[in-house]
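Here we start with a single chain on its own, the form predicted on its own, put down as structure tokens.
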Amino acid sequence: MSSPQLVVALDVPDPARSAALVERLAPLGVIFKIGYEAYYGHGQSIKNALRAAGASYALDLKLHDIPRTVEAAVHAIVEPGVRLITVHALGGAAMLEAAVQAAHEQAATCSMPVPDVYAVTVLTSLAVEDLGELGLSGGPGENAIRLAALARDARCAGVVCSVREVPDLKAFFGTEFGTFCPGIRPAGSAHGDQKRAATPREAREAGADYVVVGRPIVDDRDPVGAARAILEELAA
């Protein structure tokens, strides 16, 4: 079993702090996740820092719109350094297919590797009762499987899901179908707004491909030490 790839979520409001985190953490071989806060707050600044460090990153923008709009958005955001982008599986098959096609087209234009498109299934902040309020029948696992099938058929490289869904997803779709897992918290850490969190060890044992850690690293007084501890747990 290979170790999952550690993804550090740069969910901080200060561009200088984001740049400092990239500079300190990039030598560890992690990749970075740019979410809403960083992308819309100081997107170009953080991309410049990532480029200077030679670091790869995931654009976690969870695109969700009509196919033509998502296609245009993917063309706009794919550039050298982007390793993975996220879209919402609930956008439907045509939207997912448009995103994958646009990623291939833009990568060819930029003469770069094609970034993987990962489809968000069920947010890790949602529990069973929340799904009922949204009109979705069944639990998180059942919905994740259903949406993952849609993503696989649309040629997505994998899905965003909780660690709890990983074993079933791998069993249904094979080990090559990727899993990008947020909500990773070292033992003893506060879960915050994550309702389906897991430890790095649990993520490794489940077979996750990417594990996303934000606050336990970026808010630590020693982010390098915190990241190294998680890397050691992932490789144990």
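As the structure is a computational prediction, the values presented were derived from the model and not from experiment. Residue positions are given as counts along the sequence shown, with the first one as 1.
Heads up, the form predicted together with ligand C5P isn't pictured, but that's what we're talking about next.
- In short, of 65-73, 167-175, 207-215, 44-52 it is 207-215 that has heavy atoms within 4.5 Å of ligand C5P in the model of the complex.
- Pro200 falls outside the set of residues with a heavy atom inside 4.5 Å of ligand C5P in the model of the complex.
- Using a 4.5 angstroms threshold between heavy atoms, Leu25 stays clear of ligand C5P in the model of the complex.
- In the model of the complex, Ala9 approaches ligand C5P with a heavy atom inside 4.5 Å.
- Although the partner is absent here, Asn143 lies well away from ligand C5P in the model of the complex, with no heavy atom inside 4.5 Å.
- Taken together, the three residues Lys33, Thr124 and Arg185 all lie with some non-hydrogen atom within 4.5 angstroms of ligand C5P in the model of the complex.
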